[in-house]
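Read the single chain below, which is given as structure tokens and is the form predicted on its own.
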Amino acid sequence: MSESAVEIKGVSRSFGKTIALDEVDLSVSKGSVVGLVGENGAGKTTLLKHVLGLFKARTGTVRVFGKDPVADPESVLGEIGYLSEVRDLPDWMKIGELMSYTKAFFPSWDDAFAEELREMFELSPDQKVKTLSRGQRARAGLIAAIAHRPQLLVLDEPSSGLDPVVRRDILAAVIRTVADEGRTVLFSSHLLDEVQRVSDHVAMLHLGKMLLSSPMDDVLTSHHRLTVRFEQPLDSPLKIDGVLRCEGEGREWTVLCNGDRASVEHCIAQLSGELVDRAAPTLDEIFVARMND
């Protein structure tokens, strides 16, 4: 048995002259939570649609639990729970009807779990979908995606429409609960603090290319934020190997580097720079630095 829930190798996809994915590789281990990040248009949704079998890989291969989602959609989709960013739910249904309708597609539907989620999300079974707020639609969609306890949960911008408190409490609880049961989560988000908080692994897309794909702890510990003060004001940012981003003015600058921190600090000392502070950067800071590298 493969230890990967999702295995993507060399996948490319273009829409006209626009390259959406450029020889992308991604391996998602079973039981992990993988956060997919990137600016708008980076290719996140296109990649997720390949996992769902909605797009056929023009080059490369996509396997979900060892199967091709395009060639064998019935067996693959039965193992996947999916929440679309669009929240395309039937407006004419009530919440209770939506749950009954979705249940018909999944023999593994768990009535007790669905009811537990409905109560936690404070949704009435008599509410009509068309009357729901954006946040309520997201909650209803989440129930439909996870109440059959899928082996793989695919979420496209799951926090869209949720206020900060609900986002923090509900999304983190749902993702961690699924992962703690040995299931797998692959989700895209533009909220980097959210990705940092709940992910085991982060994959960073930029203009269709996979810029970085590593365990979250490795990404955070391999990057460093240094605050440096120089004897004389600098006219321009530092140009040192390993420095991804350098911001500031005059004598005081903030440097974000990766890899060999000691080498960067040595170069700074040679330029008469004094190390004022050393700290771990956030995923958001790393993302911004990488996008502009």
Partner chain sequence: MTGPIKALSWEFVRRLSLTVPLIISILVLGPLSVEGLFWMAALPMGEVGITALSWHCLYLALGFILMATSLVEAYKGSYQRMFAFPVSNSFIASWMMVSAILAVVGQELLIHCLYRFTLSDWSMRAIFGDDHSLIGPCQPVFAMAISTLMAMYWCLRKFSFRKLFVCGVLVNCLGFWIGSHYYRSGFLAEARSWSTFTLLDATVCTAVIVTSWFVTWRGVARERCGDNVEHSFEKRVEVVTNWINTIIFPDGLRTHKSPEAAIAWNQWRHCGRGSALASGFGFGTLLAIMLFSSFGSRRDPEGVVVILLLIPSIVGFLTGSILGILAPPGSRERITMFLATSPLSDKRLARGLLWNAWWATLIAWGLVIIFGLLALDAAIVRVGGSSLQVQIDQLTRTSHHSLGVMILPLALLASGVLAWMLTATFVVLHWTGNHLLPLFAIVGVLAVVMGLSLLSFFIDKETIILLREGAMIAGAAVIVAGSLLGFWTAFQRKMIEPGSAALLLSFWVAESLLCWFILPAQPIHRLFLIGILMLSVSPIAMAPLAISRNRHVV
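Numbering follows the first chain given and starts at 1. Not measured: the values here are computed from a predicted model.
The following text describes the form predicted together with the partner chain, which does not appear among the structures shown.
This chain lacks the partner; the member of Q136, S159, S213, S100 within 4.5 angstroms of the partner chain in the model of the complex by a non-hydrogen atom is S100.
Heavy atoms within 4.5 Å of the partner chain in the model of the complex are found in exactly one of 45-53, 264-272, 243-251, 24-32, that being 45-53. Contact check for A114, P164 and H190: none of the three has a heavy atom within 4.5 Å of the partner chain in the model of the complex. Remark: V70 counts among the residues lining the partner chain in the model of the complex, judged by a heavy atom distance of 4.5 Å or less. Although the partner is absent here, D88 lies within 4.5 Å of the partner chain in the model of the complex, judged by heavy atoms. With a 4.5 Å cutoff on heavy atoms, G96 counts as touching the partner chain in the model of the complex.
Contact annotation for Y82: at least one heavy atom lies within 4.5 Å of the partner chain in the model of the complex.
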